[in-house]
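Only one chain is shown below, in structure tokens, and it's the form predicted on its own.
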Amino acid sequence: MPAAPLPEFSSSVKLKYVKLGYQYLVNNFLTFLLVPFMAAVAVELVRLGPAEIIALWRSLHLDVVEILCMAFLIVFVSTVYFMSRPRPVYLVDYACFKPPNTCRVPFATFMEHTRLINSDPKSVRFQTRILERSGLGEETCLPPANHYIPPNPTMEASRAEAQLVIFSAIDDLIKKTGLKPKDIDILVVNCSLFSPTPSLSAMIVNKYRLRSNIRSFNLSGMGCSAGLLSIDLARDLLQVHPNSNALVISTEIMTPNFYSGSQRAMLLSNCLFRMGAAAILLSNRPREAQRAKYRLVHVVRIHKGADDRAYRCIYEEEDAEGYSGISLSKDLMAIAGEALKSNITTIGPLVLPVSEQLLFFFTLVGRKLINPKWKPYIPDFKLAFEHFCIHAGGRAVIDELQKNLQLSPEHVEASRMTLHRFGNTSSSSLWYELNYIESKGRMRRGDRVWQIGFGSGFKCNSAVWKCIRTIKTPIDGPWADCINRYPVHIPEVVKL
């Protein structure tokens, strides 16, 4: 009986398994080298026997002084290494502000207010189209002052919103962690568009009676990516101040930032931005490692402000009628893509497995030297991270990152659902997304999280966290009363 012909290789072997084998080989290359070497040494020691090993040791003729010098050198080198290496920074816990139901702004309410405030029918139709395609849901919230007709953006109302969102988040964090205000050594607050005197950080010091020697910082004007800037600043401070706790507050105060004009580039922020805040406790205290949720691994910051287009793509200014607002350029997505490209080029070598780096390098060399028409290789960041928290700046932002990073719908689920439930809460949105993942019970020990934020300037910042312990599904927090309803289907257009 004649033997059956072998099947064609290309149709019988899935290339994805070839790639997996290649990745395993490259990523464990040193192991494959060391294991045979160690096995050979072990076999040789067994062959020699105890008597020959002792004789070999005595033949070295080491006296007591030489042994002590070698021991001292080992101890000295070990001490220098452990003293000079970066201190680990732990995320002990965090809390997100949950707006009260009285602040809800359903689509019908928003559009009714818009028609009563803005007499220009073209502006009303424009905002209707934006809201229909925004990806926001019916439960997003605006501060009480913005529910007035017309809005009441006074300093008093702005302070009241700041106290509501910031103090609520801090109180929840203190309740979760048992933190005492006197144990806070570093305070970092970021709020881009509301910068009163005294500062928001001083407001917190006054409210909680923090220590007089606290190191406090107030960051303003740095956009939606300022939350990760605050994390980076706190990390640097924790490197030089041992045994310290750092409290980071990320928020955006909406009360003074409602735009009452008719300039389309400035009306976008009215449709997308909503109230929110997050309080994060970081620590370098060794004992906090036992109860901390995450360890900070990397922070990468990219600033494109040297380019005029990037500098002006998110710009606060007055329109022709004298109304102040935030203008969003049509070039925003292209500039964000360039900033993201720079960020992933920087962070790639830090997080990607060797196999992905080699594939990217060889493809780049091939395009330069052999054929420029070769398709560029996009590294698979899904091999480096289990979870992605992409700034919920808008549906277009999430769509572009999902496409460019080749992510699955589940990878961007947290970002889409956060945008739907809470809107664009600026720098705090990343923490609502992380809390969504935890509330779904998906965070396991060893999982890696990539947070990506974009902001004015133009900046693209990212942080990498590693989960220290499996996170239990929280019973409180911003998602507690609605997580079972999510994920929800978000249509391309919601007709109003």
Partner chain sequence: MTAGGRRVTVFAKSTAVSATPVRPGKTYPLSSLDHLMGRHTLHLVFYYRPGPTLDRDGLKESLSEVLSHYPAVTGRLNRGEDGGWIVKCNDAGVRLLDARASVTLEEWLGSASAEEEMELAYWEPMGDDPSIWSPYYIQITEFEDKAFAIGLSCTHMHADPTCATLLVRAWADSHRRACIAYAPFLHPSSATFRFSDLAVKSLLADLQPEASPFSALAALFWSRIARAAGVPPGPGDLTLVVDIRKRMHAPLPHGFYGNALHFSRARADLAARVARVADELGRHVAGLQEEEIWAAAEWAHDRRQRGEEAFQMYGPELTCFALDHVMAYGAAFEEGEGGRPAHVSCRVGGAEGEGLVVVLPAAEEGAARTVMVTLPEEVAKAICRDDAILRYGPTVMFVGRG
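Positions refer to the first chain, counted from 1. As the structure is a computational prediction, the values presented were derived from the model and not from experiment.
Separately, the form predicted in complex with the partner chain exists; it is not shown, and the next lines address it.
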Heavy atom within 4.5 Å of the partner chain in the predicted complex - residue from 116, 378, 75, 350: 116
The single option of 138, 321, 236, 307 touching the partner chain in the predicted complex, heavy atom within 4.5 Å: 138
Contact test in the predicted complex: residue 122 vs the partner chain, heavy atoms, 4.5 Å: no
4.5 Å heavy atom contact, residue 410 to the partner chain in the predicted complex: no
Touches the partner chain in the predicted complex: residue 147 (any heavy atom, 4.5 Å): yes
Partner contact for residue 298 in the predicted complex: the partner chain, 4.5 angstroms, heavy atom: no
One stretch from 396-404, 259-267, 190-198, 107-115 that, in the predicted complex, holds residues within 4.5 Å of the partner chain by heavy atom: 107-115
